[in-house]
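Listed next as structure tokens is one chain, alone, in the form predicted on its own.
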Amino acid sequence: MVSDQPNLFERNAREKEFDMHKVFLARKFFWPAIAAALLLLLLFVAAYRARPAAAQMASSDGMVCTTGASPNPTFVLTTRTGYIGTPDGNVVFMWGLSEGGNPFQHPSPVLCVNEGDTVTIILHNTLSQDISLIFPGQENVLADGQPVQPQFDAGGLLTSLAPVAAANGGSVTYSFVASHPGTFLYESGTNPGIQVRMGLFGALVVRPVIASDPNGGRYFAYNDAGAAVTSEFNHSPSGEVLILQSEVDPYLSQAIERGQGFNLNNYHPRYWLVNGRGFPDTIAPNYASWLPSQPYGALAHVQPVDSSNPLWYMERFINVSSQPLPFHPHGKNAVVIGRDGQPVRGDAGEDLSFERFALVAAPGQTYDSLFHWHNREGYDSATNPVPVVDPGWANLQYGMYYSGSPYLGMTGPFPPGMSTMSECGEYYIIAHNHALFQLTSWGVPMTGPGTFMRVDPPGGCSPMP
């Protein structure tokens, strides 16, 4: 009867969250073959479940930061429960942390602070079990003013890696000095086999102090004078991308929702996500109205690197799953400049950055990388055409993002009845988990942890009339 369990799970979720199911029907039919129906659904969802106006202020692409006032930023994180949608049309019960009084979101907020800040995080626990937070890579962390120490029960058994916020209303205040820049993870330190996998995790980004420009305007991953390769990157709104990889076992989620026990020996992920979404939701904008609980997209939106756009872009990789995950960004090999919050350099300060065709992150590991897209061949329809004869409509398969022309920034004719998602002849280049069995949603192929890099023409995109 195991084969019946997915249907039982889906029915249970729909009965308990019918309103959420209507929202995810809009996402499930996110395909241009029914573009007219999609437009109606999106209008309905936007009116019915719109995010607050303040949340919509974030850039539509790129990493979304939750910030506090430097040099003493304070974040109030409260546990929430809710549902996320998956590309196979399912909805899954999860936990999460939300800033202040905000509703449930998955994953938890991306906390961005500056090097040297004294960071305070006030954790409020509304769940029925004790929870805590740990901050790998941060030194001298305090809990309610005292050094963080593992917690043990009366029998000497370890119960938590950090002091807890007690179940059903407890609080604890953590603080630390963000002493060095980089990309880090924060996650539950209490029963992490359950609590992290249920969603109690998030990204922590520490930005360096730039002595020559302390008031901003420039973006650096590190300020490391010994490194030969600069870590300055493009500071457009979409110049910084987060790839936070995670996994979900819906049977664990169902057991927690029902208040039942779960044997972790039976743990088996069915979903693998990037920034809390599976493809094609990963390429939807930040705060897409049809994804009310999953605010973060994963589209890398760039322009070709050239004299007018000389800086590369940055991608921050984090793996919070239970196994190593290989991520392959087609057309933009990752140049790794940092690992686990430390610049990649030798003992003498020499640059040891390295390039990767596929970047394999171990559980809990983080990478900082630079990337760009260069129009290396310089193909232009007038002066340097692609040396291939167009075989014509009858012998071509037109993709939904093809502009009708092979040249960047140009459009061409389409067969009768065809349409395109392309705005201005931009390119779309895939990036995805290279363990292809994980590029699924409960077996549905080409979903899961995949996204795109969108390459606009130089100077930006002027949409077609």
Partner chain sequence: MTKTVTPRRISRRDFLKIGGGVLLATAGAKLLPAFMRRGIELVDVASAQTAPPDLFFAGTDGWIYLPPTPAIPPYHPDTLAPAPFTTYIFGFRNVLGLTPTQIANQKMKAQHTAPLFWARQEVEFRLKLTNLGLQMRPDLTDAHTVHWHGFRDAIPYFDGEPHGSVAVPMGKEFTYVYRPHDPGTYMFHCHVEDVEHVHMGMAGLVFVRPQQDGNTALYPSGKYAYNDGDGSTGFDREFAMMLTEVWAEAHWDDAHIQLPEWSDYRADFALLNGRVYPDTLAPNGSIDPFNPITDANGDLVPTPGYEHLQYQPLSSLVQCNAGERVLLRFASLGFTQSVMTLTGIKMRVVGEDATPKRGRDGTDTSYWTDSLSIYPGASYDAIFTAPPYQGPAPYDTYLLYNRSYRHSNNLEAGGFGGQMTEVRVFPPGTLPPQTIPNT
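Just so we're on the same page, rigid core means the largest C-alpha set that superposes within 1.5 Å between forms. Numbering follows the first chain given and starts at 1. Note that the structure is predicted; figures quoted are calculated from it, not measured.
The same protein also exists as the form predicted together with the partner chain; that form is not shown, yet it is the one meant from here on.
Proximity to the partner chain in the predicted complex, taken as a non-hydrogen atom within 4.5 angstroms, holds for one residue of Met198, Ile337, Leu242, Ala284, which is Ile337.
Proximity to the partner chain in the predicted complex, defined as a heavy atom within 4.5 Å, holds among Gly331, Pro103, Pro150, Gly169 only for Gly331.
Annotated contacts: Asp351, Ala358 and Leu396 all touch the partner chain in the predicted complex [non-hydrogen atom within 4.5 angstroms]. Contact with the partner chain, judged by heavy atoms within 4.5 Å in the predicted complex, is confined among 109-117, 321-329, 78-86, 157-165 to 321-329. Under a 4.5 angstroms non-hydrogen atom cutoff, the partner chain in the predicted complex has Val386 among its neighbouring residues. Although the partner is absent here, Pro208 sits far enough away that none of its heavy atoms falls within 4.5 Å of the partner chain in the predicted complex. Proximity of Ala288 to the partner chain in the predicted complex falls outside the 4.5 Å heavy atom cutoff. Although the partner is absent here, Ile430 is a contact residue: one of its heavy atoms lies within 4.5 angstroms of the partner chain in the predicted complex. For the partner-free chain shown, His432, His434, Ala435, Leu436, Phe437, Leu439, Thr440, Trp442, Gly443, Pro445, Met446, Phe452 of 431-453 come within 4.5 angstroms of the partner chain in the predicted complex, judged by any non-hydrogen atom. Annotation: Cα of Leu436 displaced by less than 2 Å between the shown form and the other one, core superposition.
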